[in-house]
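Single chain ahead, written as structure tokens, the form predicted on its own.
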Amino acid sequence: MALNDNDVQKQIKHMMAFIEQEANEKAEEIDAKSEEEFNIEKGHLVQTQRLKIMDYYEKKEKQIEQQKKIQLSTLRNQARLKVLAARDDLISELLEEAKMRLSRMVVDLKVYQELLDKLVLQALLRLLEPVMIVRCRPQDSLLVDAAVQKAIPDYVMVSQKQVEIKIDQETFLPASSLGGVEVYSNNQKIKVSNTLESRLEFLSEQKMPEIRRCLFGANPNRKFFV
């Protein structure tokens, strides 16, 4: 049966409508899939950037915390050094005060003579040489001579040895020093210093832990065993 023009036109319109519907459905499917892929990619990018931002600020926070710890440690160390410097200054002042008291003590010739007697005998017994040279301040020559004369019999009695003692008349201790004596072997290669400065230095070093404990209290970071 032959189709007339109207039937042909109808079939053509029907086919065109079908094709158009298929095209629209396909376009909608492509749009939907594209939007889904876009949303997935967008979500992935957002998540990636969010993780990067979180990681960045986490590192920044750790860095700031580390800087705070370093600054706090620096401030504590500076404060500790200032305290130690202040303590050292106080001890230096006390030692200077001790020197001032010694300088006033030697003005009393009776007291100073008794002290020289002990210093000379002690130095002789520490050196124990057959011939010894005693050196003193120029202003102490007479006092030291008296101390030497007094020390000789005590030295002989304790050491059971004879001794020759010379008082150095060419080289002296500084006149501005506190006093006391230095005793040398005859060749001057061995020396025992019993000046007031050396005695003060020796005693301050020996008693320094006790001095610090009296001034500043016990150090919790140190253990002393008796």
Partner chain sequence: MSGILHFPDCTGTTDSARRTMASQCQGIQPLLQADRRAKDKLEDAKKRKVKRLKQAKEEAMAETDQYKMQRDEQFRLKQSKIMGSQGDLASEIEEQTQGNIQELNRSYNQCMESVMKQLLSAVCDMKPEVHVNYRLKATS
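Numbering follows the first chain given and starts at 1. The structure presented is a predicted model; accordingly, all values stated were derived computationally and were not measured. The term rigid core refers to the maximal set of C-alpha atoms that superpose within 1.5 Å between the two forms.
One more form of this protein should be noted, the form predicted together with the partner chain, which is absent from this view; the next part is about it.
The three residues Arg137, Val148 and Glu170 each lack any heavy atom within 4.5 Å of the partner chain in the model of the complex. Of the listed positions (Leu142, Leu75, Val131, Leu109), a single one reaches within 4.5 angstroms of the partner chain by any non-hydrogen atom in the model of the complex, namely Leu75.
Although the partner is absent here, Gln67 sits close enough that one of its heavy atoms falls within 4.5 Å of the partner chain in the model of the complex.
Shown alone here, Lys207 lies within 4.5 Å of the partner chain in the model of the complex, counting heavy atoms only. Of the heavy atoms in Glu164, none are within 4.5 Å of the partner chain in the model of the complex. Using a 4.5 angstroms threshold between heavy atoms, Leu200 counts as touching the partner chain in the model of the complex. Taking a 4.5 Å heavy atom cutoff to the partner chain in the model of the complex, the contacting residues in 30-44 are Ile30, Asp31, Ser34, Glu35, Glu37, Phe38, Glu41, Lys42. Positional change of Leu203 between this form and the one not shown stays under 2 Å at the C-alpha, relative to the superposed core.
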